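In the form predicted on its own, a lone chain appears below as structure tokens.
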Amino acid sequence: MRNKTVIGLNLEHFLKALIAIVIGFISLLLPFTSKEAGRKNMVSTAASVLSAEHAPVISFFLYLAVVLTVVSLLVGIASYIWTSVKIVRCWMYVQICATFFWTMLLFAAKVILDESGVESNFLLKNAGVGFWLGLIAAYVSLVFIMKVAEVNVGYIILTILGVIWMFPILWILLTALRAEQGYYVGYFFPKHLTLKNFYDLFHNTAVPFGKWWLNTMIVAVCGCVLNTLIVLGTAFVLSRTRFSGRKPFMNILMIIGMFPGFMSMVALYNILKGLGMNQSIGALIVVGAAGAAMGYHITKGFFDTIPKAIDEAAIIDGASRLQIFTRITIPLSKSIIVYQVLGTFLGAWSDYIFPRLLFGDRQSSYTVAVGLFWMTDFRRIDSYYTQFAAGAVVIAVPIVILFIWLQRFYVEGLSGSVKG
């Protein structure tokens, strides 16, 4: 390979990638199961699972890990003989898939081996050298193949991190679909899937999740509207006007904003209790709106990028400050408004500390964050854990949809706020 030169490929790492792939193939022939199960290699284990009467559905993780490792070796040999960008790219995609299924075996091996009867009470600490060698070789070969394909190092790191970050999301989703009740079950993939947890979440009289969701939506929407209007107004005044005490006022807001909000929670609770507003969702809206002005910095930074000549021209035409704000500044600030709306909504939607202090034991006023934490109390966690996971999925869906929909404006708002 040293004498070859192919535009678009870095062949210095080709031999390393091929050696790693060969090691991964050899790992298929080394012990995969524990000593009690006869130290079977991965190929014979896959054959045993395939012939079992009650092999679980997720057994395809094992099959594909074996098949794709072999395919990756064959494609690697082909790319050695007929070196081209297309073949190396194909090799990289095959290895990405192989690495994914090797990784999934970390979580699926116990269910596959236990359910198929190949081994009972399988634990990863008892896995043979073939499994660990194959897993390491899969990642090492993927890194070298991506280097051969001249993929940016950042993409290599992001690919590995993306696989790691995926597992908490996959875990909570699988737990929400798990038919087996209880907090700890000892395996990652459920033996049986069901939607009953979602049904019970909304039909369990002891857990008024629908009420909690409605409370959270009211607080988030109302707080979002009020906070956004207050922040926009504050940022406009501090950005487009000059008055006595402006800078000291901005410095005071900045200094107060440096102190964590929970420092004043006890005082706020006593004030609200004296006003008779404790244990009500209205108190959350009022408290959020009262401190909203301190979050003006990013919005003001965006308003500073709008040329002041536009305001001056409007004043010459007889426009008032309010008309400039509503008819000129706001239409030109769609991205920062979306950023502010999204950030405020997410903050209210996921807030836990102050609502937990405020509501106490009044369950009917709980928000979803407080309610879901209530379900994980040690006295209830075994009974409600799968419903808790279902609730986590339910509250995440609208946030994910909203964020994906508004993501472009969100990024524009952040980038626009630091111009100049």
Partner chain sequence: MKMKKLSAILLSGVLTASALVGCGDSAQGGAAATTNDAGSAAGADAAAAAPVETQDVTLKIWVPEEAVDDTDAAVKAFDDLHDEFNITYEIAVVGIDEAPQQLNTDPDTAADIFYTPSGGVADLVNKGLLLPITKDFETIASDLPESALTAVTVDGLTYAAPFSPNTYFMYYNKDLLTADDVKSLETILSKDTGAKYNFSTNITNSWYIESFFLGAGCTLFGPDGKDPSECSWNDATGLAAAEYIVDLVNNPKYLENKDGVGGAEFKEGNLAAITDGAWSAPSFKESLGDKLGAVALPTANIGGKDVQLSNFVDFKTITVKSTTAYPLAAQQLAVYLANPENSLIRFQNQGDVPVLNSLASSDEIANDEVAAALNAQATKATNQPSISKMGDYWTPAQAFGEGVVSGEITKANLQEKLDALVDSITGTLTE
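Numbering follows the first chain given and starts at 1. Each form is matched to the other, and the largest set of C-alpha atoms that superpose within 1.5 Å is called the rigid core. This structure is a prediction, so every number in the text was calculated from the model and none was measured.
The following text describes the form predicted together with the partner chain, which does not appear among the structures shown.
This chain is drawn without the partner chain; in the predicted complex, the residue among N215, S335, N278, N197 with a heavy atom within 4.5 Å of it is N278.
For a residue to qualify, one of its non-hydrogen atoms must sit within 4.5 Å of the partner chain in the predicted complex; all three of Y183, G360 and F378 qualify. Only one listed stretch (66-74, 41-49, 369-377, 23-31) carries heavy atoms within 4.5 Å of the partner chain in the predicted complex, and that stretch is 369-377.
In the predicted complex, the partner chain lies within 4.5 Å of some heavy atom of Y269. A residue is said to contact a partner when one of its heavy atoms sits within 4.5 Å of a partner heavy atom; I81 fails this definition for the partner chain in the predicted complex, lying far away.
At the 4.5 Å threshold, heavy atoms of I316 stay clear of the partner chain in the predicted complex, well away from it.
Interface residue remark: K191 is counted as part of the site for the partner chain in the predicted complex, having a heavy atom within 4.5 Å. Along 65-104, no residue reaches a heavy atom to within 4.5 Å of the partner chain in the predicted complex. Once the rigid core is overlaid between this form and the one not shown, F262 counts among the residues whose Cα shifts by 2 Å or more.
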